[in-house]
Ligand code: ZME
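In the form predicted on its own, a lone chain appears below as structure tokens.
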């Protein structure tokens, strides 16, 4: 009996293996295809008060960052919390065989695709209805609101009772659930803490589709985990937010500095005393002559004379922005308090600009600039923002390198820099901040507007951001990103440091299949495509 040559056997084996491999891959492909082809039909079969959209989904593949576009399979427009719970529970019960994930989208103000879900389901939170907003006055006033409610609407409704939330973001046209999933920081944070420090209670839909009411005393682990949790443990569908008596008027002040150290000392002193301003922020003016060329705040636009009162002469300047809240009958007292506070500061005396506006005009100032930029087609451009928390002990080193060497050209967008007190932050929440008692928020809020020189282009800004981050790492500044973005889980572990274990445990407890907020790129959904 003659046997085939070894070479022929080897060749036949290779062909056999290839054939089996192709068959295997074909089966897996068929399984994946069947899985995706069944997605719309399974969702269509769900009984919801609102509705799904399977065709017009392109708007859910964009966000304010305008850099990433991931198309979902469907967009849910919920009318009730039950719609959200039913949808998530359905996807949860499909198990790891399905690639479906879920992202809650509020006003779409995320920067890196965090509110998107590639081939998943995006929940349009602004469609969420339910109990109307309810303001509860009294000794400890609060407001109950939907997670999809805009902060600007809360302001207008609570003011009817002479009340307002304690802590804000600089831009009010954002949803409650969106800001509470991050932190919510602005010039009031030094005194009241971020928005997540001013919440009494939450209603949350977990990654298992369970509707859970939580607070500091009830389901506290979930409560603290969701606050600043980047959407990883549940979708905020309702929140109880602390209120305080609201003022009517605001004294709005700006002063300038040429020396960063003096600028920083004044800021740190102001946030450390009991009687101070109600709002304290700073920003950097890099090689810019027009002080009003700053979309973040429209400072007394009715007075064009102010624009020519001071010229930067190409220098990097530091602007301290202050506000004092008051009622009309308190004008004299407030003016005296402001005068006393300003007398303790070391700013350039000729640069004192003052304005008086209503409380609403002050808080909603960014929206005025937004409308102007939209009219010029300059709002929906890429926004490669970079937000950092920097320890007080390292802020001078940071400023010297970044403002002295890295950023020397005109910055196309505001650069914020102001200190906050760690004591006003709850370390049980998921937000990660530096260890020092005082740390700074530094926010590079740039817009990639095309220009002939290319200095404002997207790649140029991204390169600058990379240089800033590399400096922070090599100089061991102890910096933490706010609104963080990383591509690999190892980077996220470094970001969370010793708190990673708690974060991962909460993920396993409340969203074990990693259905929620896939755009954060923290956890990968485990997908099984064959039995």
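Positions refer to the first chain, counted from 1. Not measured: the values here are computed from a predicted model.
Absent from the display: the form predicted in complex with the ligand. The rest refers to it.
A single residue from the set 425, 252, 326, 379 has any heavy atom within 4.5 angstroms of the ligand in the predicted complex; that residue is 379. The partner is absent here, but in the predicted complex a heavy atom of 414, alone among 78, 414, 106, 228, sits within 4.5 Å of the ligand. By the 4.5 Å heavy atom rule, the three marked residues 366, 373 and 445 all count as contacting the ligand in the predicted complex.
In the predicted complex, the ligand stays beyond 4.5 Å of every heavy atom belonging to residue 401. Contact check for residue 385: a non-hydrogen atom falls within 4.5 Å of the ligand in the predicted complex. The ligand is not drawn, but in the predicted complex it has a heavy atom within 4.5 Å of residue 170. Contact with the ligand in the predicted complex, judged as any non-hydrogen atom within 4.5 angstroms, is confined among 156-164, 244-252, 68-76, 414-422 to 414-422.
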